[in-house]
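Below you will find one chain, with nothing else, as structure tokens; this is the form predicted on its own, and questions on how it binds or moves follow later.
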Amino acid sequence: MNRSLVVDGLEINNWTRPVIDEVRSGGVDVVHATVGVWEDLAGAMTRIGAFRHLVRNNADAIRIVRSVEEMYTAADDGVLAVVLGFQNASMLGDDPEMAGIFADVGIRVVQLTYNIANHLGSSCYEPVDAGLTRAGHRMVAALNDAGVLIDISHVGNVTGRHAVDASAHPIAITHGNPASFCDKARNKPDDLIHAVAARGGMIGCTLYPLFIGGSEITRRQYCEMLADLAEAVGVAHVGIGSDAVLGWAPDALGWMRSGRWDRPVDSSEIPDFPPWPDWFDGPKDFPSLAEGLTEVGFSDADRAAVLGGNWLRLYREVFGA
């Protein structure tokens, strides 16, 4: 089972059959799909249940998987393999046992914080990042024990570095870019990226417009960033996490960013989804991205690694722990 699969390290879609078909149209074999952001325990279970219902009604096209072997089986069967994940840990509460319980119902990736601090640590937007809390250290150990991949994409840089050092297994930035390429708080400084890679982890480079520099960024500029990153940390630690946002109503971004804690005062303050580059408007354009990697000098083997093989290596190591 060493053949190439195309893996998107994170999508936060509003999943329907048309969305499934659009993702599959780009040749994507595996997706890490967000099924929880701001929810509490009950809300998270409801979201998981809704996704399971979607899968049951579209079994010819999509399947929830928990291992790399199941990803290959899904690809052989011609269906999209989905790894379920949370972009927050608030739904786990203060009980480390919840790491294993959520793993049992299919959650294989958990981001420690989203856009505000929680009881585990700080987000990348906090004015002061106090690092991983005592509860955070315990939860990292519990996620390790449950074979769940730890994600620090929205996590503060101090908290993120603490997580790298505390984790017994490699961790990931599932959807982010080097801050040296695009200077945004959500992107990561070089020292943190190097630390993640040094422990065997990965950065899934995002194509979300706000974190690449806008829709005017060219394919060549983005792919040259990937080439520079591969040279700096090793190609084995670089992947794609598009952060695709298919299927949402135009006013959904406000909730996605802020949940309940920072609601717009009136409708004029509701943010719009930003325009995407014409060369990558979503996962249907993975073939365009593959062409861009070839244009900037990636070999066939390295291109296959970045487009999926590296995620499979990390998933195998962490999920089987």
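This structure is a prediction, so every number in the text was calculated from the model and none was measured. Don't overthink the numbering: it's just position in the shown sequence, from 1.
The form predicted in complex with a further copy of the same chain is left out here; the points below concern that form.
- The candidate stretches are 272 to 280, 44 to 52, 26 to 34, 252 to 260, and the one lying within 4.5 Å of a further copy of the same chain in the model of the complex by heavy atoms is 44 to 52.
- A single residue from the set 183, 104, 76, 216 has any heavy atom within 4.5 angstroms of a further copy of the same chain in the model of the complex; that residue is 104.
- Screening 190, 228, 165, 97 for any heavy atom within 4.5 Å of a further copy of the same chain in the model of the complex leaves a single hit, 97.
- Although the partner is absent here, residue 66 lies within 4.5 Å of a further copy of the same chain in the model of the complex, judged by heavy atoms.
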